[in-house]
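Take a look at this one chain, the form predicted on its own, written out in structure tokens.
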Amino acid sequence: MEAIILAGGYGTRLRPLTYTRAKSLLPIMNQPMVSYLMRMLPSEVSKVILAVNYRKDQIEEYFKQQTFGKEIIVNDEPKPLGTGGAVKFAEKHISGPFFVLNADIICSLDISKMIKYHKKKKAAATISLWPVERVSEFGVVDIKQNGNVISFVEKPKPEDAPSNLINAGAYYLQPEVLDYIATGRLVSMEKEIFPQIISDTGRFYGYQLSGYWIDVGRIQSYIDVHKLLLTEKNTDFIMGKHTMNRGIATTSCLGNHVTIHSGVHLSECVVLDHSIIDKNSSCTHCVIGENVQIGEDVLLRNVVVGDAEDIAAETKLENSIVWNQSIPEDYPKKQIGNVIGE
């Protein structure tokens, strides 16, 4: 069985962290984001096709070192093709029913159980579903008691919402679904293809997962996923290899080869590899990129610092992005394609 992992996005809402790395390689708890999906795949999945575009070389290099016991194919898209176009571009590698997974979803989905559910329902397509409180912020499904999805309703008023369940970004599909997708153009699986399958087959089902689910698409959700996984591990703080921490860190994650000097206070922070925070500085709700130097007596609150930036001593910043280098020429000014669940 094959699984397609959609890892071609630029991650514009996570800039400046994605100016220098593929979004799917952004570390979560000191492990690349895509590694969580790879470890979630059951033994039934023997081949993984990575739909990539931006920073393809970084992804290729990572999977030269980490195969996770699967055959890995890095499928380089000539241009961004969206969720549907990326699936169609991988068609030559598909031999039967297959999974499609979004690389930026961290969740507790049991894929083997979802496969069994799909087979029991004799579905053409089965998608994972997740319950939300604020239905008016999402596209929700209109679903029957037997799990049959009959439509998607975009951002309904709470009183008009047919359910509180949203598309959770994992799809198990029969090969016939590929016939619905046009070749060589940007196609949204969610907005274009799924409604056609519902209309034509009536065999479109939803599988509700339990546990946890986060779409790591923004800086806020990037911090939130660390908070969630720290809670799952029943700890308040982790740090990587060869890291020195002489400060106080709560609800935070420190990468490898990080140096935190005395008097430093960190709260709800993610600090990536090889960064240094000097004496008596304070960071609250911040993401600090790789190879960052933060001077003494710095105060940061709700700040994202890009890789290899320097923050001078006694700097005070709030609600800011720090990036003083050039932006990659091919990096878009706005998001390309669609956002899962929104």
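Heads up: residue numbers just count along the shown sequence, starting at 1. Rigid core (definition): largest C-alpha set, two forms, superposition within 1.5 Å. No experiment lies behind these values; they were computed from the predicted model shown.
Beyond the structure shown, there is the form predicted together with a small molecule, which is absent from this document and is the topic of what follows.
Please check if residue 126 has a heavy atom lying within 4.5 Å of any heavy atom of the small molecule in the predicted bound form.
Residue 126 lies outside the contact set for the small molecule.
Even though the partner isn't displayed, in the predicted bound form is residue 162 close enough to the small molecule, meaning a heavy atom within 4.5 Å?
Looking in the predicted bound form, residue contacts with the small molecule do not include residue 162, since no heavy atom lies within 4.5 Å.
Can you tell me if residue 255 lies within 4.5 angstroms of the small molecule in the predicted bound form, counting non-hydrogen atoms only?
Answer no; every heavy atom of residue 255 is more than 4.5 Å from the small molecule in the predicted bound form.
Using the partner position in the predicted bound form, report whether residue 155 sits within 4.5 Å of the small molecule, counting heavy atoms only.
Yes, residue 155 sits close enough to the small molecule in the predicted bound form that at least one of its heavy atoms falls within 4.5 Å.
Tell me, which of 147, 240, 263, 139 has a heavy atom within 4.5 angstroms of the small molecule in the predicted bound form?
None of the others qualify; the residue that does is 139.
Within 4.5 Å, heavy atoms only, which of 105, 198, 249, 109 is in contact with the small molecule in the predicted bound form?
Looking at the other structure, the residue within range turns out to be 105.
Pick the stretch from 213 to 221, 265 to 273, 117 to 125, 227 to 235 whose residues have a heavy atom within 4.5 Å of the small molecule in the predicted bound form.
Of the options, only 213 to 221 has residues within 4.5 Å of the partner.
Since the partner isn't included here, can you check whether the small molecule sits close to all of 52, 82 and 167 in the predicted bound form (heavy atom within 4.5 Å for each)?
Verified in the predicted bound form; spot residues all in contact, yes.
Is residue 242 displaced by at least 2 Å at its C-alpha between this form and the one not shown when the rigid core is overlaid?
After core superposition, the displacement of the residue 242 C-alpha between this form and the one not shown stays below 2 Å, so no.
For residue 154, state whether the C-alpha moves by 2 Å or more between this form and the one not shown after rigid core superposition.
Yes, shifts by 2 Å or more.
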